[in-house]
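Given next, in structure tokens, is a single chain: the form predicted on its own.
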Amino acid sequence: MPDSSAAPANAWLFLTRAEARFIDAALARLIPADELGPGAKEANVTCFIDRQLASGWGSASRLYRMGPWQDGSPQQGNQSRLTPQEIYRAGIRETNLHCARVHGRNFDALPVDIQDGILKELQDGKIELESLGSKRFFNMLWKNTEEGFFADPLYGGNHDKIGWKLVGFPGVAAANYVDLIGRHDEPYRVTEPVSILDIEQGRVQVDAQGSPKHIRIKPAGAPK
């Protein structure tokens, strides 16, 4: 997998600038910034998706690809002959063609209410794309959006650990979890979540085994 920490978020490894604009616009609607905090666009999820597409996952390098190509049940997963790279490239291009034909502009240039409608139509499979089902394209985009929003920042998304802070996830497990096994219904909150990237870049203290030392926020009245 490419080392996403070594490249800035706008140094695209696979996406074109136009494709990145499409994904940025979609992310801003799928997980929007609101009163709870920044959204997927601010978390650099476009960077995460780009890094994944540039990897072996994007080219389906470890998947059997000799066919036959028939739609299976939902439990059988993706049965498409297309690689993730091909799904994204065709999905973005053909969705933009639909938007230009119906609304006169590419997806990223449309008002947000129309963008919401386009995404809903993709989700429901109501937009006819030439190369693939629109629902297949939407499902992959949505799944990767979730992954990039909550993955370790090492992989390019979840900038500033936005996703983790939103849900209160402390990050990489600390060794002192062992001391807390018997404590139930007690929130485990930290001043700052710890990522693999934090450890690799020496931004947090670790113990002799390499486990990070969390700075914990203890609830009032909790035992020491």
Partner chain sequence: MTVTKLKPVDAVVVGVGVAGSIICQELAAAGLSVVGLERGRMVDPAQDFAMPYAHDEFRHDSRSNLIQNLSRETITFRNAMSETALPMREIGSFRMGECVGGAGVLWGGLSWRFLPWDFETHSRTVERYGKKHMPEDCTNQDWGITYDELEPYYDQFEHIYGVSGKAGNLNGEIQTGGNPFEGARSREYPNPPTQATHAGHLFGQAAASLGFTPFSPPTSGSTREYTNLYKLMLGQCQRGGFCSSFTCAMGAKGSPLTAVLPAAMKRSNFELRALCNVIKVNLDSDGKRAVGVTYIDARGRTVEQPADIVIITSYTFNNTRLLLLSGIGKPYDPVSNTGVVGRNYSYQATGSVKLFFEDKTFNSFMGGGGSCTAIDDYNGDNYDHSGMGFIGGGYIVVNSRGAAPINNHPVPSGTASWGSGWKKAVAHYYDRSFAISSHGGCQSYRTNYLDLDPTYKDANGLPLIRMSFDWREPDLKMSAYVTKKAAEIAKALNPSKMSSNPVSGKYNIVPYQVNHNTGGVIMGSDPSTSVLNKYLQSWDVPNVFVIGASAFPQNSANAPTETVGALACWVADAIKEQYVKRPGLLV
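No experiment lies behind these values; they were computed from the predicted model shown. Residue numbers count along the first chain shown, from 1.
There is another form of this protein, the form predicted together with its partner chain, and it is not shown here; the text below is about that form.
message = On the criterion of a non-hydrogen atom at 4.5 angstroms or closer, are Leu63, Glu146 and Ile196 all touching its partner chain in the predicted complex?
response = Yes, the whole candidate spot contacts its partner chain.
ask   = Does the 4.5 Å heavy atom contact test between Arg29 and its partner chain in the predicted complex come out positive?
value = Within the cut-off, so yes.
ask   = For Phe138, is any heavy atom within 4.5 Å of its partner chain in the predicted complex, or not?
value = Heavy-atom contact with its partner chain at 4.5 Å: present for Phe138.
ask   = So in the predicted complex, does Lys120 come within 4.5 Å of its partner chain, heavy atom to heavy atom?
value = Lys120 belongs to the contact set for its partner chain.
Asn44 within 4.5 Å of its partner chain in the predicted complex, heavy atoms = No, Asn44 sits far enough from its partner chain in the predicted complex that none of its heavy atoms falls within 4.5 Å.
message = For a quick check, can you give me the residues of 200-215 that have a heavy atom within 4.5 Å of its partner chain in the predicted complex?
response = Glu200, Gln209, Gly210, Ser211, Pro212 sit within 4.5 Å of the partner.
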